[in-house]
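Listed next as structure tokens is one chain, alone, in the form predicted alone.
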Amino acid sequence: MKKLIIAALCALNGAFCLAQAPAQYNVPCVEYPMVDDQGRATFQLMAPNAQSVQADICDKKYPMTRDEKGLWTVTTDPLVVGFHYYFLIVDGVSVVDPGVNTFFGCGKMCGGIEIPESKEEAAYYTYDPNIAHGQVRECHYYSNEEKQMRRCFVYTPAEYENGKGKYPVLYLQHGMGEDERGWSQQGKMADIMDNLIASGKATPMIVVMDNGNCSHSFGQKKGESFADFGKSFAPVLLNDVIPYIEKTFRVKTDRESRAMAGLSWGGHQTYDIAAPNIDKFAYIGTFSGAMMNAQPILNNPDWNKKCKVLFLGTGTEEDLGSAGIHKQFVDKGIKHVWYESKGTAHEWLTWRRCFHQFVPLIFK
């Protein structure tokens, strides 16, 4: 009824009313935050004793207004389409909006909101009830490198349960301040994979998402240097994760059936791990990858023969050096695929698009 009333009130004192709908990640029975058809988000918080409340989203803090009952409200400017972390700041303290589900990002649990694209633009990462769907499993294994239990998430294609064949494997990494949940939650990895496989654009494969030991922000761990940030993940992947996957799942174990990719710092880790181990990985993808040094590739005379696909992707509104690496590769004749996501920055929509472009290229 409330939605019908809002839709019916087309003008009030000359102001046009925009259609609103509850945001995608709201908890059950909660209306706010809401998103209107201009991409603006409206946040509410009941905090009668608070002195000031702000909504902190997309690098901007919006002061919220209090009514007589203590309900604080604000509507943002139009926001860029895609997924965004956000917080509410109550009397100077940053808190998660109790009206939404949480996501791990920025080194902590965050609120999350999706500013929707058009149905056509979002089709590749939208759940399709008319196709077969794979599974994302939560798996636990013991790390001999770290002498402790670890967790990874593993996507298996829909056909995996009913067959006996073996599958190639993509090891897919998150970025700094995120964790192994990121790709299956914020990244909508499973929907992208299901849609690509169902359309015949991608080879059925297993996707492994593990924690890259970079779930904190740089500087949070005492004594950790920039060079050491997340470096401890390499032996874990090579000596623990890959053997666990190859023992537990029906997978192919030759180098041409193994790929690695990652976003942001996960792209940096992909480059640092896979490039020196080209005998183990035939496909490499970096999405907004923080590639600090291209020399191991540039100085390898056999690189073009050994690497079947080298993919570099970035958003047009960001600059982490990918364009410079791309130019070096062009100048030195290094075969690679260069992809730019139009209008997006260092954000999940860029990485969804990069993933969507990369997956059809591998295991062909």
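Note that the coordinates shown come from a computational prediction; the quantities given were computed from them, not determined experimentally. Just count from 1 along the sequence shown to find any residue number.
This next part talks about the form predicted together with another copy of the chain, which is not shown.
Shown alone, this chain has one stretch from 112 to 120, 232 to 240, 210 to 218, 277 to 285 that lies within 4.5 Å of another copy of the chain in the predicted bound form by heavy atoms: 210 to 218. Contact annotation: Thr102 falls within 4.5 Å of another copy of the chain in the predicted bound form, judged by heavy atom distances.
Using a 4.5 angstroms limit between non-hydrogen atoms, Gly92 touches another copy of the chain in the predicted bound form. Of the heavy atoms in Pro28, some are within 4.5 Å of another copy of the chain in the predicted bound form. Although the partner is absent here, Glu138 is a contact residue: one of its heavy atoms lies within 4.5 angstroms of another copy of the chain in the predicted bound form. Proximity to another copy of the chain in the predicted bound form, defined as a heavy atom within 4.5 Å, holds among Val337, Ala323, Met46, Val330 only for Met46. A heavy atom within 4.5 Å of another copy of the chain in the predicted bound form is found for exactly one of Tyr124, Phe83, Tyr160, Tyr86: Tyr160. When contacts are defined as a non-hydrogen atom within 4.5 Å, none of Ala21, Thr65 and Lys166 contacts another copy of the chain in the predicted bound form. Taking another copy of the chain as positioned in the predicted bound form, the residues of 118 to 133 that bring a heavy atom within 4.5 Å of it are, in sequence order, Tyr127, Pro129, His133.
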